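Just one chain follows, in the form predicted alone, and it is written as structure tokens.
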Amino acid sequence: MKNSDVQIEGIIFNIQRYTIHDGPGIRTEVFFKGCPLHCKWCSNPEGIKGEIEVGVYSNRCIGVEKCGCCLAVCPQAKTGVLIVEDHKVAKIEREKCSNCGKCAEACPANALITWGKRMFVHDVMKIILADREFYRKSGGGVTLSGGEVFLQWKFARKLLLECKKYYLNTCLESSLYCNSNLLEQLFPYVDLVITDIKHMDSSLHKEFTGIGNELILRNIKRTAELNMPLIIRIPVVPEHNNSVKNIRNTAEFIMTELHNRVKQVQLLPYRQLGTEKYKSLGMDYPMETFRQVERSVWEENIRTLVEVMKSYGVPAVAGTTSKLK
């Protein structure tokens, strides 16, 4: 496997084993760093930027007087890149930081951590193949997710090719915000595609994600035309897309433009997750002031929206755990 054909690097920010939510069976999920969208509810802010970043968890710091390992190894320490408050490393001056990761490597308390790692295909495959028996018994496999996989499509294609050498089931979870020509670079090696429809109104889509939805919808339509097994997800976000009108418009798009060629439409609840990761990166959480509704309220809302979709003949479900037909 360590030949010139697979010696290509990718930047991966997480590899999650034994997951059951993004594709059938027990899976290993590989998260690609970098995303062209900026969804206000994103729970993985460490996946937005395409480069390696250092995160700061000041509450874990044991104090620069007691330790100071980070300051000792940081090449930019004299420029004040590591900001100390109350004798602890509190934040990073991002404009001065080269993201070399030396401070995180030296930190004994994990107060400084590196988001993202450069990996070769064979490095990722070593982790994936460790769980082949679980895939075989559960009908599982490998899911590529992000961030956005298509930002590193060459690495993704090599990884998918290696997975297919071992007859592994493969799933691609993507926003599908990419050059349409790239779809056919990856789809021949993919068994299932998962994507979102975040809003049918392009202006509202842009307000909450930073981009319009035209390219995404075209690529979803193309995915269906290519007869790719397809799951569509709708993150149901209050005050954004949880109206009956939007769900009706989405159902009409699925029926008329996709001819209902979807395995499942999954409606997912919004949860305020990842806020500590935003802080670690010196970022504001865009929905910090949003008032979380009671579980009973959002569950009832999702049940109602599922029934609206079903009334159109769309195979809609609540959540990600319903068995695929």
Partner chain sequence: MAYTEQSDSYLGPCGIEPYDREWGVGVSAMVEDPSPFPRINRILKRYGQTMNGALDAERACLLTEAYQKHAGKPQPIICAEALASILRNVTIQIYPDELIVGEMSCPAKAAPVFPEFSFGWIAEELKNHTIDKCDVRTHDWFTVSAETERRLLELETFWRGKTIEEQALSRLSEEELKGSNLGKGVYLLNAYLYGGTGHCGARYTLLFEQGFMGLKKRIEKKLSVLRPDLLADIKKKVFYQSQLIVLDAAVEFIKRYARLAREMAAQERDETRKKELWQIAENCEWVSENPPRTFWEAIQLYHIATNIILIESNGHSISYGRFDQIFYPYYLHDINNGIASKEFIQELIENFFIKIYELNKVRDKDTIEIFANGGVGGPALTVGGVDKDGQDATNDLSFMVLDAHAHVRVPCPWLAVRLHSNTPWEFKVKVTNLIRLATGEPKVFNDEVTIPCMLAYGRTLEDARDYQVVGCVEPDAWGREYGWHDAAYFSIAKVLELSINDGRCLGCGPDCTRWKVCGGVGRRLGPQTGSLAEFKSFDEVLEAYDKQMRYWAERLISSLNIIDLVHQELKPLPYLSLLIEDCIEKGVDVTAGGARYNFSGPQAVGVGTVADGLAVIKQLVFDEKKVSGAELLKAVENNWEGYDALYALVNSDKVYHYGNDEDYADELAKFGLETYYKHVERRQNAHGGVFAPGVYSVAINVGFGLMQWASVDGRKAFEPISDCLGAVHTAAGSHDTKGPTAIAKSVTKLDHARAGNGTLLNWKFAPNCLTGETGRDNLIHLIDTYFSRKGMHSQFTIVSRETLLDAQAHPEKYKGLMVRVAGYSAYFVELSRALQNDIIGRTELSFD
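The structure presented is a predicted model; accordingly, all values stated were derived computationally and were not measured. Positions refer to the first chain, counted from 1.
There is another form of the same protein, the form predicted together with the partner chain; it is not shown, and what comes next is about it.
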Which of Leu230, Ala109, Cys178, Ala77 has a heavy atom within 4.5 Å of the partner chain in the predicted complex?
Ala109
Partner-contacting position among Lys245, Arg94, Arg118, Lys137 - heavy atom within 4.5 Å of the partner chain in the predicted complex
Lys137
Whether Tyr18, Cys67 and Ala130 all lie within 4.5 angstroms of the partner chain in the predicted complex by heavy atom
yes
Might Ile26 be said to contact the partner chain in the predicted complex, defining contact as any heavy atom within 4.5 Å?
yes
Going by a heavy atom distance of 4.5 Å, is Leu186 a contact of the partner chain in the predicted complex?
no
Even though the partner isn't displayed, in the predicted complex is Leu37 close enough to the partner chain, meaning a heavy atom within 4.5 Å?
no
Within a 4.5 Å heavy atom cut-off, is Ile62 in contact with the partner chain in the predicted complex?
yes
Stretch in contact, per heavy atom within 4.5 angstroms of the partner chain in the predicted complex, of 218 to 226, 79 to 87, 202 to 210, 98 to 106
98 to 106
Give, in sequence order, every residue of 282 to 321 that has a heavy atom within 4.5 Å of the partner chain in the predicted complex, or say none if there are no such residues.
Thr320, Thr321
